[in-house]
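First, one chain by itself: the form predicted alone, in structure tokens.
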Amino acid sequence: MLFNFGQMSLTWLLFLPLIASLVIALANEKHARKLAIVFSIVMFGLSLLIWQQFHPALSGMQFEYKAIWFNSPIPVQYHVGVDGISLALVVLTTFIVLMAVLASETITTRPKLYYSFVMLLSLSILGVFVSLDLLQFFVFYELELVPMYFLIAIWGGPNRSYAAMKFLLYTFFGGVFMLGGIIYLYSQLIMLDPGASFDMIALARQCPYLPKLIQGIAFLGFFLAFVIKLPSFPLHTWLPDAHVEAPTPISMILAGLLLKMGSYGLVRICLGFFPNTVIDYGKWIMLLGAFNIVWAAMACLVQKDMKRIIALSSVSHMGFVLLGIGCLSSLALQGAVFQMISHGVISALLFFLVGTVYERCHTRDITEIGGGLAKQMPVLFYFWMFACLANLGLPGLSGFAAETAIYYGSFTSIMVSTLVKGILGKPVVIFATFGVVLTAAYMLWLLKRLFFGPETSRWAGHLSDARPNEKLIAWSLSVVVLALGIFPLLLTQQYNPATESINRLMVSRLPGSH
């Protein structure tokens, strides 16, 4: 073990971006980018050291630290810790933030404010993944609204004000649903136990024993908040607009990390607190996931804007998470967590590559670009081809490992085999597999329309290939996609004990399990 940070290591990591935000805000404009890169590298390095010291075989949370602020009128505390699931998302966060900061070299307007907001956004995302107090979780969950709104509204495209406001309204009302669920849940617990708190570890033990109606109402508030952030049909319409108008690095963070806040909430809170409700409504969650996979993939086939295609593709791929959660299968749940990490890296790579084409052609409209770009930018073409194949689930890449686990786990799950009959059983899983075919169709068609065919005279001799910084970012993201595809155990061995623990709790509550 290189160096033992102890129980304060997560606190150091969590507040490092806050320190970075303040330092950058006080620094000279010309030093803002350098400072952001340095702090991002330190954050990523610290997360890797925590990863190296993590022991997946140990039960419970690790690197846990708790400090009680006050107990009256309500208990308020600072409480952080990670298991394998949350730690994987912490490392993903620091990695994607580093890549996004490196990709921000084109941001020349008010760089101090820009990088300060990026660091503040990193604080919010990390806070969600390490929080073990429900009130603290909510505060960090909502904190991201402020920096993300301004990052879109100030540095976004022509319709940035509309997209930023739409993002704000959707996610704000998602937070309202969550706050309602928190208040309702606490009000019910306090009547049963005067010593009730917002400690998420304690809540995971107490909530499954609440009356069924109380669980259902509280579950609904959390579920709506998380599927808005995921996002899921029909609450997804903020995402394409936000992506289209957001600058490229912010799209990388939005797709790679913010959507994972919703999926993480589904696993940590909806599954962890309300297993009985998930069992009762799992078939409908599966159906919603399958519909998202297929419907969003079909929508991609009629889009002309590159960013809108990748944005709707994210809706489709996050449908796999819903499918994996709803079927109550250990393998599918492992696949759902793997999908969070895999999609985070692949989507960041795709949005970065969209940005490289937009920077050269100054348009995202595929019909305007006209194709034939491969001749002038062969290196970028190879990265594009790799990313498209990863997104469609080519064997040997991370997308294939995630989707295979989800499909197989769903098809063989106990709930699908014994509890769910008729059209909501295995036919739902079979229907979801059409998403693979559709994904291959729109990704390969996108690749063809951009890079193949005769060279458009408009771009002849005017387009440059990948610069060194672009190669560094593309290579870094691509290597992770390849490594996780060839050796998925690198990731799964860290979080499998945590997913197994959640699944055992779920299975123990299935009818006939006793």
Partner chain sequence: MPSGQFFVENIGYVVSAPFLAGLLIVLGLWRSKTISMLLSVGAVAFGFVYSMFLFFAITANPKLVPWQINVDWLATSNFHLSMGLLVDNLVAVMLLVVTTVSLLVQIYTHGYMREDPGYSRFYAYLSLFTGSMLGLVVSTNLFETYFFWELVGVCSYFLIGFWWYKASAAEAALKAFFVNRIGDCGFLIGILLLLAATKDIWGSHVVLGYVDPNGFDLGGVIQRAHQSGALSAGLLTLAACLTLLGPMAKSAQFPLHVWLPDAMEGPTPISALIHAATMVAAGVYLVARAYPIWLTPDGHTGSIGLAVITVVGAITAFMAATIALSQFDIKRILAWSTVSQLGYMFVGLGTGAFSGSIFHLFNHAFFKAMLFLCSGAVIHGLHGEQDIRKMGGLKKYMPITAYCCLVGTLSISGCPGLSGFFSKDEIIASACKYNVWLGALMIFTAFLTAFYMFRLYFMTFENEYRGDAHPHESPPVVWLPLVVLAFPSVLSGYLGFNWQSLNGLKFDGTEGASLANQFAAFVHFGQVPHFEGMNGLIMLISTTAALLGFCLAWAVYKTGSVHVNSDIATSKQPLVAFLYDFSLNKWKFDEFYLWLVNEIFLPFFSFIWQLVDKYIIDTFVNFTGVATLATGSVVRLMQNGRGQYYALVIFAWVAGLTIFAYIVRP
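Keep in mind it's a predicted model, so treat the numbers as computed, not measured. Numbering follows the first chain given and starts at 1.
Although not depicted, the form predicted together with its partner chain is the subject of the following passage.
Between its partner chain and the residues 331, 200, 135, 244, the one pair within 4.5 Å by heavy atoms in the model of the complex involves 331.
Checking 309, 357, 436, 92 for any heavy atom within 4.5 Å of its partner chain in the model of the complex turns up a single hit: 436. Only one of 73-81, 104-112, 404-412, 268-276 lies within 4.5 Å of its partner chain in the model of the complex by heavy atoms, and it is 404-412.
Within 4.5 Å of some heavy atom of its partner chain in the model of the complex lies at least one heavy atom of residue 237. When its partner chain is considered in the model of the complex, residue 303 lines it closely, a heavy atom lying within 4.5 Å. Contact annotation for residue 184: at least one heavy atom lies within 4.5 Å of its partner chain in the model of the complex. Proximity of residue 191 to its partner chain in the model of the complex falls within the 4.5 Å heavy atom cutoff. If you take 442-470 and check each residue for a heavy atom within 4.5 Å of its partner chain in the model of the complex, you get 444, 445, 447, 448, 451, 452, 453, 454, in sequence order.
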